[in-house]
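In the form predicted on its own, a lone chain appears below as structure tokens.
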């Protein structure tokens, strides 16, 4: 078993019309043993920027603390919030400087940029970025997430339809992966509001 699969995870970010959604499962396990069923994988950097961290849970929490520290320094120096593109470059740089002993994380970054244009991207554990215009996935359930998203995604969805689509994709995918599941956590972000919802899924 790969170290990335040790705790299990499923992460997905999807783009809509001037909005985006980011969702994760809630299971924290040690291989096949479930430890917690309310684990947080999605973190708010600011109102228009969210970060999801799949992979090894301890590394994810350490990396999150380092990124919050760097973002707060940026806010103090620049007196503004970081753009999603800038934050993606920061995450990439932080990961790459540890490339010989990397954080075992696969981040998903989602945010609203200038003129409310949604930005999503993911990267590997040493910071190689993968940008997308529709959706990005990460975690142990990524293979089934790709299939579900390819089938369900359509461009320019409104916030409510986007929530429905990302939730169905997440729930149907984690049922095909025994290392992730136990419900879902979904954020839908529009220029004016942030909606957070908890999904109930199969509890096995």
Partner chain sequence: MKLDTSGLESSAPLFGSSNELIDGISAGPSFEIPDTMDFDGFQKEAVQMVKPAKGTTTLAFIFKEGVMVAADSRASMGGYISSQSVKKIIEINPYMLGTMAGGAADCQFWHRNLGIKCRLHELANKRRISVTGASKLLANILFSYRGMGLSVGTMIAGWDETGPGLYYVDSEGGRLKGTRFSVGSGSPYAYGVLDNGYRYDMSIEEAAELARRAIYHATFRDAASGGVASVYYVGPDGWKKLSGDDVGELHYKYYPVMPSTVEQEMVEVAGA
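Numbering follows the first chain given and starts at 1. What you see is a predicted model, and the numbers here were worked out from it, not measured in a lab.
The protein also exists as the form predicted together with its partner chain; that form is not presented, and the subsequent description refers to it.
Heavy atoms within 4.5 Å of its partner chain in the model of the complex map, among the stretches 25-33, 162-170, 60-68, 42-50, onto 25-33 alone.
The candidate site formed by 37, 193 and 200 is fully in contact with its partner chain in the model of the complex, as each residue has a non-hydrogen atom within 4.5 angstroms of it.
In the model of the complex, at least one heavy atom of residue 179 sits within 4.5 Å of its partner chain. Contact check for residue 150: no non-hydrogen atom falls within 4.5 Å of its partner chain in the model of the complex. Interface membership of residue 175, defined by any non-hydrogen atom within 4.5 Å of its partner chain in the model of the complex, is confirmed.
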